[in-house]
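In the block that follows, a single chain appears as structure tokens, in the form predicted alone.
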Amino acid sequence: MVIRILHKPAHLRGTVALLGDKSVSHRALILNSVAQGTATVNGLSLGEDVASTMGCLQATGVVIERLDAPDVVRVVGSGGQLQEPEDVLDAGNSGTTMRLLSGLLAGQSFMSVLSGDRSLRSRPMGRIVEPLSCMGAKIAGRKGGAYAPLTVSGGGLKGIEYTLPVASAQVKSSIMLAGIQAEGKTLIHQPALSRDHTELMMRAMGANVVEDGTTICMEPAQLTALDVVVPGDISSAAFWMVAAACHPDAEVTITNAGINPTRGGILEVLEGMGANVALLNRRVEGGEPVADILVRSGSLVGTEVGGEVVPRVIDELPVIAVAACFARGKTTIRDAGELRVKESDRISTTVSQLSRMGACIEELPDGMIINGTGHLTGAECTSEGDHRIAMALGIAGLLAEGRTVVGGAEAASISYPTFWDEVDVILAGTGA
């Protein structure tokens, strides 16, 4: 287990260059793998989750080659015909890999098995097994298909009309990946909007995907390979935004951040808390809106986080809880029960770890209540093997008085392998 020791620096100054967005990276690899033609993906996420997706696709015969830089790859499309893998497909810790590839493999006329690490094998998979089975795939898994490993025998799919039980981009995308290989139309009704990278990229690759409010209608399609420039990951940017917003003497610029509205919940929440945030150099790259984000110290106030914003900020809620500790008044997070089935129970873990640092924080069945005290105190904490928790605690350590020890710091590499390097760079130039 890797341990990181942190102290609060006198000030925070610097520029953070983000790695490629994890969600867009997954989709650029998966969709181009079944397209006609060859595509270059520039700015690919270097995290372990995306590496898991790449490895699984290569195991089904897809040619993916790294080019001049580690974040640039060439994908040779299979035209929709993958090869039966010789071994179990290892999704590692990545729920996105398992859920999206299940949808992709549901349309292939062979048998495949998907598994992952202990954490992933405990995460709910029934939510994709049900709709994919309704489309005609034969899927088996532990406890009646509720958990991985999953065995997928695909082919012969038919479009369905399906209402999602939760607003989930992973479940929606799994159905869509099956839908482009199914006979007839597929309609998906969402309880609320979630990130729409799959819809945007499928349309850019020639699919007929129509959105009407929270309903998606699509037809089978042969995709055309698409070169993709991956924007910076807004979920990674969130950590630096909170650090700068809460530190008493900070000015941090985050470059090349994707600001897709279906992912921009962190911007809305921090704006509602009164954070000093500015979007600079707005532009569009690869069909995705992008900007540089300038964050300065400010005075935060408590807020309410719930309802339709939650699916757009679900990954950022642990670090928002850190921000709430430094805000005046009460912050309430609700409608976030999905946090309990992430890499850890992120509600329980966030509450327990921030409590160690003196936070006035209370666990709710679907969220938490934080009464801001304006400070945290350094303590010994653990990530519980969860990458978002590791990084949230890292930011808490940069803001807390005294010495903070983060155990299990290596978990950050799942989604943000250079996180601790960025911490070191920031600290090296701040008089820590």
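All residue numbers are counted from 1 along the displayed sequence. Everything numeric in this text was worked out from a predicted model, so none of it was measured.
Another form exists, predicted in complex with a small molecule; not displayed. Remarks below refer to it.
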Decide yes or no: are Arg99, Ser168 and Lys342 jointly within 4.5 Å of the small molecule in the predicted complex, with each residue judged by its heavy atoms?
-> yes
Non-hydrogen atom contact Ile259 with the small molecule in the predicted complex at 4.5 angstroms | no
Is Arg195 a contact residue for the small molecule in the predicted complex, using a 4.5 Å heavy atom cut-off?
-> yes
Contact test in the predicted complex: Val309 vs the small molecule, heavy atoms, 4.5 Å | no
Proximity of Val209 to the small molecule in the predicted complex, heavy atoms at 4.5 Å = no
Can you say which of 404-412, 8-16, 21-29, 419-427 gets within 4.5 Å of the small molecule in the predicted complex, counting heavy atoms only?
-> 21-29
Between the options Leu223, Ile314, Met218, Ile160, which residue brings a heavy atom to within 4.5 Å of the small molecule in the predicted complex?
-> Ile314
